[in-house]
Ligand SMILES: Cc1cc2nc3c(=O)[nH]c(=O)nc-3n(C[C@H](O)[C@H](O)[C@H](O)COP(=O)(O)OP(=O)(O)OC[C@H]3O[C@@H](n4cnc5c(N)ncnc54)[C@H](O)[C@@H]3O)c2cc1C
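Take a look at this one chain, the form predicted alone, written out in structure tokens.
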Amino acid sequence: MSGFSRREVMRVGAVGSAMVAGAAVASPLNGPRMLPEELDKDSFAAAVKELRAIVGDDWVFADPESTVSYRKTFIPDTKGNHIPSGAVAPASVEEVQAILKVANKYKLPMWPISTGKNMGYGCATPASSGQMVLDLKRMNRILDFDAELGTILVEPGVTYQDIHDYIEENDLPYWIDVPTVGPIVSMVGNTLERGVGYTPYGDHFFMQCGMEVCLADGTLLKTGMGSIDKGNTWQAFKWGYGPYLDGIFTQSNFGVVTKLGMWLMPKPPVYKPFVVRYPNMEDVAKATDTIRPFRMNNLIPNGVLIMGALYQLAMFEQRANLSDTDGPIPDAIIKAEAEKNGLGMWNVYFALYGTEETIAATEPIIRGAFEASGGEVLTDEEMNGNPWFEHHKTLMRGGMTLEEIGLVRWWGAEGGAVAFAPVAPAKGSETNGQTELAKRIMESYGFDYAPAYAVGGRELHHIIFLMFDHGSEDSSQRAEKCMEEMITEFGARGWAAYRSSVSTMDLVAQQYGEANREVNARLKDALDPNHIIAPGKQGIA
């Protein structure tokens, strides 16, 4: 995996944005890049000159033309609050150290990204305008792969596609666990955001083991067992000795992660995927209560998705093909379209992994429980190539797919989407209240409710993609207001989000209380006294 050329970086930087989805961007993002608030033009120019001396002229982007790919985003930004001043792309940890030295000298804030494909949450754009993107795509080496232990050590620019290809090329008996658009997403970036996937190894941070972090002053920290002389268990044992530090570098701005270890799932002898169709919106509660005990006792070993019909349809359809109404699409139309495509109003996807004997013993128990709750249990053979089933079948074995990018095309070529992911206990009683609240708020702003629920062990993630017309100022403004109201109203009921778009990070952080924010502020002051790394990320200045 050699370094990208400048042209390739510019091309890859646009993947997952307008160049993939055909989406235009709202008017503020078409303007010039913005300088940091407290940095004058001469100081910025001097900083850029020093950055060019570190990485070369081709890898500093500091004019409106070269920074356009870093400004593109799916989320609404009608006020231009998330426009970078430029970008710099180092090729090594030594260059990262040198860049942070320049950043400290000029008080130039840096926004680290891995590949910048944080779809629904802002892509590569920073929490506040004027920050310079620290683009780590060129650091794209697989540094180690232990074929006996199934561990891997990678740099931030390594995508899931890179790892998938490495496994295939070397005929290794392992699967990776991928997020939705794995081919273009960094394993490091997704894990640091505490992203999840679809196999039994779906909790990515739980499967992470050891990281190298470049602190703001250039100090290199290796967590866990990584700092031991002649150590050989960095990717084998998570905890090390003393306080466990890896967690403070997830969803934070305390350092720049330059290496990350991960455990991979041994390829099972047998893999059998299922879908359970439910016909009515209120059935989500029954589905959740059926899933929870199987997740708690691990009879269903992977995270279970409960996909709403409209979310599923939006993957492959545009809104205009279903309805020409100005208001939200009625449930009756959604249900009819779902039935036409072999879908229920809710579609539960899970899989069994093991041997023929273990699956044969487990399947009747699980099948009986879902059928007793009113679900229709179907397998690969019965779904017969159904594209939605094929999509989830691919994800649940760590396969590559980009099909959910279709969500940003819901409103046509200039579509956009912003994600909201509140967390609740995995109880059916929680789902109906959340569904009713989300549907009421979204429809009051003229948007379609496209939901999914993900059941972990004991927690329930409500995954809501607010799809809007990114090319319309009115639609973008309504999307901003709708998202703020949902975060506020859900939070008031104790349903706070576990991650956030760059546009709502501070609003979500407020819901976690002053003590939490104060501790984060103390850590920031201690580790990054000049506040040069990603100010505002997760509400941490």
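Residue numbers run from 1 along the displayed sequence. Just so you know, these numbers come straight off a predicted model, no measurement behind them.
This next part talks about the form predicted together with the named molecule, which is not shown.
A heavy atom within 4.5 Å of the named molecule in the predicted bound form is found for one listed residue only; from Leu466, Leu136, Val154, Ala87, this is Leu136. Contact with the named molecule in the predicted bound form, defined as a heavy atom within 4.5 Å, holds for exactly one of Pro268, Pro179, Gly415, Pro273, namely Pro179. Per the 4.5 Å heavy atom criterion, the named molecule in the predicted bound form is contacted by stretch 116-124, the sole one of 116-124, 161-169, 79-87, 233-241. Site residues Leu192, Gly255 and Ile405 are all in contact with the named molecule in the predicted bound form, judged by any heavy atom within 4.5 Å. Interface membership of Arg499, defined by any non-hydrogen atom within 4.5 Å of the named molecule in the predicted bound form, is confirmed.
Though the partner is left out of this view, Met307 does not reach within 4.5 Å of the named molecule in the predicted bound form, counting heavy atoms only. The named molecule is not drawn, but in the predicted bound form it has a heavy atom within 4.5 Å of Tyr198. Although the partner is absent here, Gly303 is not a contact residue: none of its heavy atoms lies within 4.5 angstroms of the named molecule in the predicted bound form.
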